[in-house]
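To begin, one chain is listed below as structure tokens, in the form predicted alone.
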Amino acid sequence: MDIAIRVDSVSKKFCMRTHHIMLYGTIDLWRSFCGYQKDNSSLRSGEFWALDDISFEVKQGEAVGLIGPNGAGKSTMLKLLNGIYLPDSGRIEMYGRVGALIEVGAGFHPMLTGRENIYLNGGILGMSKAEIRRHFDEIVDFSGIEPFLDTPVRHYSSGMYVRLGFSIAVHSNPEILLVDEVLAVGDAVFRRKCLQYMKNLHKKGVTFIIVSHNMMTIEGITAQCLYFDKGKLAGDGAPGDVISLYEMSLAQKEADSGNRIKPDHEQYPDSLDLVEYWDYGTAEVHVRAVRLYDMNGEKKGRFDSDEGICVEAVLDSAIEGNVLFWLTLANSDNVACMGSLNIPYTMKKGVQNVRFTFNPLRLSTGAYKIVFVINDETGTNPYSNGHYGFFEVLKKSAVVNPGFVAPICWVEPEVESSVIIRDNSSGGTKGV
């Protein structure tokens, strides 16, 4: 298969302050005038690498997603590919006609009408007047802005800008399509329409690169994923693997910055870290450790979506009686994705192990943590409330959500307690 895009050791640097931009611009212009070559191999005071030694290839007809935190270099990469920026070092090769939607309103003149901007933006994308006339009705129909076609675009909302810009870009018959996260501005119906159109273009052999913070979008329409972090290429491969790497990195940063309390790793070396803890209630039950197993009893930190997971909690209780567990699996955005409320259990006095089995997981690709709450039998007094994590899930098959009124998969787990209770008050052990 032929190469559509080749990026070879590309780097791009910017200045942090305006006075540095003016100073270095003057110096570089004067050096160029005098015949001296610009030195792009090192940073000057006030500069930083937006992209640092990036290399990758995209084959014709491939769909590639760019992911990473804000400021990682994704949009800079797209602007380099589109020729808006020139690299400070390295080489970029593009084989094919490029269509791009990188910034809201890019390529539009605010004083011109939507009709006039179709011709202006289409010309910028390399369309002839004949091509624009031929596709004009399709562009207007897809964008859905016909009632405002003869209105100056300065009166358009950001969503209308995106509608018109995307419609022009995809109807310019591109061989390579570059789409930044501007699609997040549009409404949900139009986003679905755009994604479906991109899937159709992909089937026709169009190569495209999309930047998005929506991991479901990246996983659903791309076959390759590039993970950028602080200007470096931190991951390259199948979307599931790279998304999981990215979300685990986010989860780890959240854990490092939060109210993190280390469990007793000397006694429980395989316990998940306690990421967050709310110290309220009577605190008569303490969670000493939370461990994860697969259905074969093997300790794991990564699971497939079609297999089961066993959550084991080591509890130290000063009471005996009935309690209710709240156990949910939350993603890196603290959204509860799967779990169960009010799981009944009879607590024994002492240290005990309780296992909760969810089989199958029914979770999509990403990083998740355990939200573990222990209440009294009325559900009003919390003995313990903590977030434990993190673990990875890779989607291997269709994830079916049986919920009807909420996007949360509430399922009842199998519950079992350990055979041995260690009673701290007597120092001995007894069977259950």
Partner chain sequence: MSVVNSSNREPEVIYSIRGAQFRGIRGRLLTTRLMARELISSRELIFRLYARDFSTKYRQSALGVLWALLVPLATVAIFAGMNSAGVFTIEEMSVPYVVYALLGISIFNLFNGVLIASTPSVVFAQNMVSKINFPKTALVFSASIHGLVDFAVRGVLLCGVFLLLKQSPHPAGSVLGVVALLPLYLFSVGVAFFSTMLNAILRDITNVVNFGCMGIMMLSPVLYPISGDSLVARFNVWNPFNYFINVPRDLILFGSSKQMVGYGIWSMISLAVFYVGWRFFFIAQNRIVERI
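Numbering follows the first chain given and starts at 1. None of the values given here were measured: they were computed from a predicted structure. Superpose the two forms; the largest set of C-alphas matching within 1.5 Å is the rigid core.
The form predicted together with its partner chain exists for this protein as well; it is not shown, and the discussion that follows is about that form.
Trainee: Name the single residue among N296, Q267, S128, T346 that comes within 4.5 Å of its partner chain in the predicted complex, judging by heavy atoms.
Mentor: Spelling it out, the residue with a heavy atom inside the cut-off is S128.
Trainee: Would you kindly say which of L81, L292, V314, V140 lies with a heavy atom within 4.5 Å of its partner chain in the predicted complex?
Mentor: Selected option: L81.
Trainee: Mind telling me which stretch in 232-240, 300-308, 84-92, 338-346 gets its heavy atoms within 4.5 Å of its partner chain in the predicted complex?
Mentor: The contacting stretch here is 84-92.
Trainee: At 4.5 Å between heavy atoms, is L195 in contact with its partner chain in the predicted complex?
Mentor: L195: no contact with its partner chain in the predicted complex.
Trainee: Given that the partner is absent here, does S32 sit within 4.5 Å of its partner chain in the predicted complex, heavy atoms only?
Mentor: Yes, S32 is a contact residue.
Trainee: How about I218 - does it come within 4.5 Å of its partner chain in the predicted complex, if we only consider non-hydrogen atoms?
Mentor: Judged by the heavy-atom cut-off of 4.5 Å, I218 is well away from its partner chain in the predicted complex.
Trainee: Using a 4.5 Å heavy atom cut-off, state whether G107 contacts its partner chain in the predicted complex.
Mentor: So G107 counts as contacting its partner chain.
Trainee: Is its partner chain close enough to V285, T328 and I374 in the predicted complex that each of the three has a heavy atom within 4.5 Å of it?
Mentor: Checked in the predicted complex: no contact with its partner chain for any of the three.
Trainee: Taking the rigid core as the reference frame, tell me whether L292 has a CA displacement of 2 angstroms or more between the shown form and the other one.
Mentor: L292: C-alpha displaced by less than 2 Å between the shown form and the other one.
Trainee: After core superposition, I'd like to know whether A238 moves between the shown form and the other one (criterion: C-alpha shift of 2 angstroms or more).
Mentor: No, the C-alpha moves less than 2 Å.
Trainee: Does I124 move its CA by 2 angstroms or more between the shown form and the other one when the core is aligned?
Mentor: After core superposition, the displacement of the I124 C-alpha between the shown form and the other one reaches the 2 Å mark, so yes.
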